[in-house]
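Take a look at this single chain, the form predicted alone, given in structure tokens.
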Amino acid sequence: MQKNDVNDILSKAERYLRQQEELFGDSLYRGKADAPAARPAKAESWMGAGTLAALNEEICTCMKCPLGETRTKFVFGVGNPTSRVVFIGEAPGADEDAQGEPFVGRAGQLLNKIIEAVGLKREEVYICNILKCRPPNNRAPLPEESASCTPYLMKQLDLIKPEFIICLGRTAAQWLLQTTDSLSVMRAKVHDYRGTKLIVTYHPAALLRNPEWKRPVWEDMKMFKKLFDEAKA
């Protein structure tokens, strides 16, 4: 055995012993029987929230990602806490960040008209975003930001128990469905999302830039309306 090989073995042994000391103190690890029992992860308090209001109170000061440092207001969600349908966008914009409510700017006004076109009112549905804080300069959410906020969204949906989700825009739809499909591929069909029917359509902000997309949005909403009415009957 070469001298270098011996030194390498001794170095690895030293690292192993130091690791064992850090984990188990002065007593060397002697097998699974002597290992301390694994402790269950401590549940965060918001997980036990029984209402949307209680959940909002628990998480509105969240600082799990850097967006907490730059937000003006936490944008939780708004609407009927027992609604049959939830509209989900990707993230708050400048108006939403200022007011603390989702879809309140020009895109929000257009969303209100879309909702009214299928015989519903804003206050009858629930509206929220995947992110609860505005990304700087309205950039697209980063994967780690969406990952931080998604458990909050899941809890919202668990409390609301909607029959339908309308996903507004490609970014939100791709994240929720965990796909890289284009919006044109995701549209015009009903997806299953954790047992809830999910329909994908254009984000209202996109319609402001491209009015020719209003026709396909109307087709998407007619498909939703038919399913909604059939489920109600």
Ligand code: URA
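The first residue of the shown sequence is 1; numbering continues from there. Predicted model, so just to flag it, every value in this text is computed and none were measured.
One more form of this protein, predicted together with this ligand, exists but is not displayed; see below.
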Using a 4.5 angstroms cut-off on non-hydrogen atoms, would Phe103 count as touching this ligand in the predicted bound form? yes
Would you classify Gln156 as touching this ligand in the predicted bound form, given a 4.5 Å non-hydrogen atom cut-off? no
Is Pro135 near this ligand? Define near as a heavy atom within 4.5 Å, in the predicted bound form. no
Quick one: does Ala91 come within 4.5 Å of this ligand in the predicted bound form, counting heavy atoms only? yes
Please name which of the stretches 78 to 86, 92 to 100, 159 to 167, 143 to 151 has residues with heavy atoms lying within 4.5 Å of this ligand in the predicted bound form. 92 to 100
Determine the residues of 199 to 217 with a heavy atom within 4.5 Å of this ligand in the predicted bound form and present them in sequence order; the list may be empty. His203
